[in-house]
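Have a look below at one chain only, the form predicted on its own, in structure tokens format.
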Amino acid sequence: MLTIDYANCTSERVGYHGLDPARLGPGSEAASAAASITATLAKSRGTGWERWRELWNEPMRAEHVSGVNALVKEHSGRFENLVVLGIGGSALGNIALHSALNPPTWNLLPAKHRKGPRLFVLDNVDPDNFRAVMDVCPPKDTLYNVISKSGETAETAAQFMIVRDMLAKAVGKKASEHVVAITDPAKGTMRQICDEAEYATLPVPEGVGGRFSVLSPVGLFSAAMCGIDIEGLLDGAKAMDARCSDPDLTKNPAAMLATLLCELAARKGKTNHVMMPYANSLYLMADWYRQLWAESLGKKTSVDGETVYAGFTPIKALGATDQHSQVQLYREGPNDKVFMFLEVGAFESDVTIPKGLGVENLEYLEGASMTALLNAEKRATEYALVESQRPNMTIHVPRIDAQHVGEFIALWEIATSQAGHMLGVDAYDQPAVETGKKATFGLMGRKGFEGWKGKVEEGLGGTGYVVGE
């Protein structure tokens, strides 16, 4: 199971820049606050926007898994490519699961060596990127998984409009066989499109926001299509949830994670949170974490209506790569960060460095494994940061498999909910995102949003501050 070593976040290791261990012990103010929040979350779980915490429990789990498995069985072996159309929470989790649990060469492997189709996740409307993927994914060989609760997200809607036109021209009346939509089960523009076109669908569950949806059909369908053990993911999440229901701060990983990060921010000014996996396969999990942490906690207004400007800046780095690009800043730049290493105990495979190459200055590497070298690099960076009094912690991942990835996802989702309560903000809304959406609608000529184009042009009109003309 995942564990968190937070010794380097204490004053015993990093002096003034760490927390007094007594603040985290039994009977402390922080421990009492965490216990109270854990109790509050136990009462609210499964209600409102906290239905995500029932995704790994019955009856929701069985409903989703059976629906996903039925469509996977129907479509397996029929398509060379699976193209996911989505953005934000409808894409980042899919990408992270695939990167963590399938080899990086997945799309290059011959079909007989893959457990499913090639996977492409289109999470942007960059035309060059979109065209490049379309060019290698002919419609007749491709299943399109469109993910949108409403169907009105501009980026995903644009992608899907193009795909529908391509399918109509390429396969005609068989177009519906090439689409699986994940959307609202009862209402919305996408629901209407799916009903009229007779597309197969899976639900975006009510009360499950996009950034909390990876363990719903939103993330499970593409994972299962590509051979990932979705039951293992849900088992891991369920096991972590049980641990994160303990009122004892020292036994509750999510409560401790949230407490450390919130306390270090409030008391020591550490408002930048760097996630640094020492495993390439976990690097894109950091992208998923960044949306979850930033969008959930970055709020101008508290639940009481006060202006608070809450939130933290999530940053991703990769060990050992970014020891050579970022650690100079991390050790000698502003001391405003907390570092979270992800350390893997055992990789699926290992490589031994050969002996007898006859280079004296490299003899120390001979016979060593790459796992040993990578983890020595992590340990060395950890020490270097402690020497510079930079607080850091290590999340130990025994091995990268579905069970532990499920644990990791649940850990951060529950920690985010805990942190929302600690900051006094609503972790489930995103009001600041709406302005950009409405302005985009206005600029693109959507009815009802005409006034937004004028606002944009007035606010961003010519200023004369242009260099190079």
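Model, not experiment: these values are computed from the prediction. Numbering starts at 1 and follows the sequence shown.
The same protein has a further form, the form predicted in complex with a small molecule, not shown here; the description that follows concerns it.
*Asks:* Does any part of His98 reach within 4.5 Å of the small molecule in the predicted bound form? Heavy atoms only, please.
*Replies:* Because no heavy atom of His98 falls inside 4.5 Å of the small molecule in the predicted bound form, the answer is no.
*Asks:* According to a 4.5 angstroms non-hydrogen atom cut-off, is Gly210 in contact with the small molecule in the predicted bound form?
*Replies:* Yes, Gly210 lies within 4.5 Å of the small molecule in the predicted bound form.
*Asks:* Do Asn252 and the small molecule share at least one heavy atom pair within 4.5 Å in the predicted bound form?
*Replies:* Flag for Asn252 set to no.
*Asks:* Just checking whether Ile230 would be counted as a contact of the small molecule in the predicted bound form - the rule being heavy atoms within 4.5 angstroms.
*Replies:* No, Ile230 sits far enough from the small molecule in the predicted bound form that none of its heavy atoms falls within 4.5 Å.
*Asks:* Report the stretch among 429-437, 61-69, 407-415, 30-38 that approaches the small molecule in the predicted bound form to within 4.5 Å, counting heavy atoms only.
*Replies:* After filtering at 4.5 Å, what remains is 429-437.
*Asks:* Give me the residue from Gln291, Thr371, Asn280, Ser388 that has a heavy atom within 4.5 Å of the small molecule in the predicted bound form.
*Replies:* Here the answer is residue option Gln291.
*Asks:* Consider the chain as shown here, without its partner, and state which of Ser150, Ser76, Thr271, Asn375 has a heavy atom within 4.5 Å of the small molecule in the predicted bound form.
*Replies:* It is Ser150 that has a heavy atom within 4.5 Å of the partner.
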